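Next up: just one chain, as structure tokens, the form predicted alone.
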């Protein structure tokens, strides 16, 4: 249920409602909007709970929520959420962004070359993997802490916020120390303990859809992050597993359009993982923007032929520059122009 407070309510009245929810065995989550404050009552809500809360001081009305996901639903938060990152980057709100960089950080020269390339092309966020979940235990698993330090160094040099995947609970603190956004990958979408720990950091979290997850399961997974009093969540459609074998995954652009309707959270698309083929990334990027995506996550490597991970789906910096230019033209045509990229870092700074 959603408890809508009166415009003239007091903090004491909010606390009284929170205490009553606890008495009912429910969890209360305040949501402060520009004009009103509401409290989401999470748990098994009975009619008598709604009736009793509706009569409390400071309460305007109590609304029943039909969706099982309460915090991410537009029923609780009609306006789009905008997630703010360092360097003035905002995800959501009608101005798409680019998140770009290599699948895995392989060394200092590689990540710096990628960072400079995507920065030149107008990227807003630098991505790079330090801990890599690989199907085979014999594949490259990432450089771990050393990679995190290199990612932070590269981001600071070019003036971009950075995002990296957090693979397990034991990595949460160190990823939060070096990264501006914690990514939860498809394989971990329903690792509920990891979602909660990532949420507790207060850092923005990007949650990728699981390869076999329904949209409802995806949105319910988002609740684990948001229930930790962390509203800074970005959703990412990265393709689902179907019977088709010609491509790596099936990029489900239905999900982008539908989730934008169901949820107030920003939704971006990852056409690199969604297709697995570098030459399909550009057309699917355009399709994702047309479907309403708030951004694109693109894998970019200075030398994809020698990449230790996902070279077949990675663009060169020059190819990414061409894609970015075309995407910006499409954004203008859709009346959803891309956000301005962060300003360049002054030489010697």
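Only a predicted model underlies this, so the values are computations on that prediction, with no experimental measurement involved. Numbering follows the first chain given and starts at 1.
Same protein, other form: the form predicted together with phosphoenolpyruvate, not shown, and the subject of what follows.
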Check your understanding: Considering 162, 103, 111, 97, which brings a non-hydrogen atom within 4.5 Å of phosphoenolpyruvate in the predicted bound form?
Key -> 103
Practice item. Note which of 260, 238, 77, 152 lies within 4.5 Å of phosphoenolpyruvate in the predicted bound form, where distance is taken over heavy atoms; exactly one does. Key: 238
Practice item. Name the stretch: of 224-232, 251-259, 172-180, 186-194, exactly one has residues whose heavy atoms fall within 4.5 Å of phosphoenolpyruvate in the predicted bound form. Key: 186-194
Practice item. Answer for residue 132 alone: is it within 4.5 Å of phosphoenolpyruvate in the predicted bound form, judged on heavy atom distances? Key: yes
Review point. For residue 208, is any heavy atom within 4.5 Å of phosphoenolpyruvate in the predicted bound form, or not?
Key: yes
Practice item. Determine whether any heavy atom of residue 124 comes within 4.5 Å of a heavy atom of phosphoenolpyruvate in the predicted bound form, and answer yes or no. Key: no
**Study point:** Contact test in the predicted bound form: residue 294 vs phosphoenolpyruvate, heavy atoms, 4.5 Å
**Key:** no
